[in-house]
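Single chain ahead, written as structure tokens, the form predicted alone.
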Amino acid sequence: MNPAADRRVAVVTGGARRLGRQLCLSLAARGFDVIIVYRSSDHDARTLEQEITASGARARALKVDVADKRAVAAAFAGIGAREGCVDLLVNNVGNYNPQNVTALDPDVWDDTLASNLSGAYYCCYGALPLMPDGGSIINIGMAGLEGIRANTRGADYYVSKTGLLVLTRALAAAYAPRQIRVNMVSPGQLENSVDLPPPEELSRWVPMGRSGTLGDIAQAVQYLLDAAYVTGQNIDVAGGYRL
């Protein structure tokens, strides 16, 4: 993309589909050059890249398995050489396997932790040396992390996102002297969630009575980009889910 010096670069992992796609579009509309990091959704990534560039913004699709630390290191080395910096990193990967913990296969556990937690750390490690003072990292979590409870389905996912919250706060404290802010946005039941309750039951779980939209999450991300004195925070965007 070779952006001009006054352009900002955003890297979004899991950027080709669903929430990642929405975030890429909203960041491009805000003026970011967007790097769409994806693992296997080639068609979706290329289509999104074309849609963003057709709007007059800049985008580049980059195929990377974030669970592979060598691949991540090579990707950020390439970003450093080509784009020159990373102003914003959004760690959006969130593999979810709604298996009961009594039947959870160790290989599934390892894959989830590698993608959702280790992968986010690898990306932070690669991005931070390229990030100017005042940059930002936004991690995508899950609602209810502040009140840890037993979750027998998807325990590997909940563990990975709880660990990501701890990492978020550690990095926020460590990089505050450089005015780099690290925060988390945690969706609840989204309109495209795998385990969304039926409409007639939704209000039992979500006090506001509706599922969240991808736009709701993008709005919270936009808020954090403007909130220059907010760091180390987790914002539940969930309509009261799991209060």
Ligand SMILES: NC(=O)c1ccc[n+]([C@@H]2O[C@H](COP(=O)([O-])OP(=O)(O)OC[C@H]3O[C@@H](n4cnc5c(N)ncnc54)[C@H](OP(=O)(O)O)[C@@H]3O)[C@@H](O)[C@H]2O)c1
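Remember, it's a predicted structure, so these values are computed and weren't measured experimentally. Each residue number is its position in the shown sequence, starting from 1.
Separately, the form predicted in complex with the named molecule exists; it is not shown, and the next lines address it.
Contact between Phe32 and the named molecule in the predicted complex is not found at the 4.5 Å heavy atom cutoff.
Proximity of Arg39 to the named molecule in the predicted complex falls within the 4.5 Å heavy atom cutoff. When contacts are judged by a 4.5 Å heavy atom cut-off, Asn192 counts as touching the named molecule in the predicted complex. Contact check for Tyr157: a non-hydrogen atom falls within 4.5 Å of the named molecule in the predicted complex.
For the named molecule in the predicted complex, the listed stretch (99-107, 137-145, 168-176, 78-86) containing residues with heavy atoms inside 4.5 Å is 137-145. Val64 is the sole member of Ala61, Leu27, Met184, Val64 with a non-hydrogen atom within 4.5 Å of the named molecule in the predicted complex.
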